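First, one chain by itself: the form predicted on its own, in structure tokens.
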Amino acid sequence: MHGKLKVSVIGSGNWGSCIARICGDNTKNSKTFEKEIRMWVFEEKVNGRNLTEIINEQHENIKYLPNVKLPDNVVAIPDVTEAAKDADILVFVLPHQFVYKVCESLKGVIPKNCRAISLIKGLDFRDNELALFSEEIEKILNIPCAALSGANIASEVAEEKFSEATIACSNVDRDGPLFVELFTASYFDIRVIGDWRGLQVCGALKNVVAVGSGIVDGLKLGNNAKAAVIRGGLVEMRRFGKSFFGGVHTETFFESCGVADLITTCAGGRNRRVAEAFVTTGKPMDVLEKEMLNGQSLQGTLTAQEVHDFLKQRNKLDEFPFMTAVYRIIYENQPPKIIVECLRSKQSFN
């Protein structure tokens, strides 16, 4: 590569805007990266004006990350191909339902030596298989794609409260230092590992556990029961990764992308919050999602459905009683109290 590297952030929700802010601060005086960060914004009207215009004038995403100033070198662009054109690094941080359409539109736009990193948490269930988004991006665009995940509630990172994250890539020595330079801040610490599959399994499945945690909170069962849910969920997360994704390391579950992300999501994430309301109000999940999330999507319930379908086709539901219980409570109107029943020990000493 010649000259400084151009960085484009593909997505502009609360987490996308937060990450663009970190990247923008890091590229302002960088010898490695071009100063300007292009950020693709899905255009919508806010108070009768285009969101991109508001961001570029006020340097603030007033809808998804209000009251947080973005660096003036972060430029909002409504056309994704224009935002990604000639980029050396693509930072994907958008709702998973947009991934395939966006990637298809970027074919022929980005340079061959471009590389990407996915901040998308979730799995994609298609053709009876569960796909990882970094690998899907690699497949469509024919470029290497790393992944970033961690205990990162966007509002806390935006307030510059200390947080850590894990980056996983296939070529740690080549790409690790570059991503560390792009994403590290005094309040945002980065560790690099090679297990990109384990990292993304953790990032997807912790949302299912968080739904279970919210159910426990809605039932007012207390901290002991919540701890049991987190422990049982972590066991099934590890079992799932080891069973269905080659190369997953146990050590990954002890990184920020693993147990730390699981704890913070079960304590303060939106999946927990909406699941608690599901129990206390009796309203359907889709109604609560619209009422409580300001246009953001709920990942845990969708992932629970995808995991259930995947396990059912393989006759493996009995091996994952916790995740199966979450699915049955949300989609089959089973009583919420089964969330605890599924954790009871089945040990036998005969």
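Treat the numbers as computed from the prediction; the structure is a model and nothing was measured. Start at 1 and count along the sequence shown; that's the residue number.
Another form, the form predicted together with another copy of the chain, is not on view; read the next lines as being about it.
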Look at the candidate spot formed by A87, V91 and N128 and say whether another copy of the chain comes within 4.5 Å of a heavy atom in all three of them in the predicted complex.
no
Although another copy of the chain is absent from this view, report whether G176 comes within 4.5 Å of it in the predicted complex, heavy atoms only.
yes
Taking any heavy atom pair closer than or equal to 4.5 Å as contact, tell me whether T250 reaches another copy of the chain in the predicted complex.
yes
Just to confirm, V340 within 4.5 Å of another copy of the chain in the predicted complex by heavy atoms?
yes
With heavy atoms only and a cut-off of 4.5 Å, decide whether E164 touches another copy of the chain in the predicted complex.
yes
Of the candidate stretches 136-144, 99-107, 250-258, 117-125, the one with residues having heavy atoms within 4.5 Å of another copy of the chain in the predicted complex is 250-258
Can you work out which of L205, A76, I215, I230 has a heavy atom no more than 4.5 Å from another copy of the chain in the predicted complex?
I230
Counting only non-hydrogen atoms and a 4.5 Å cut-off, give the residues of 3-33 close to another copy of the chain in the predicted complex.
none
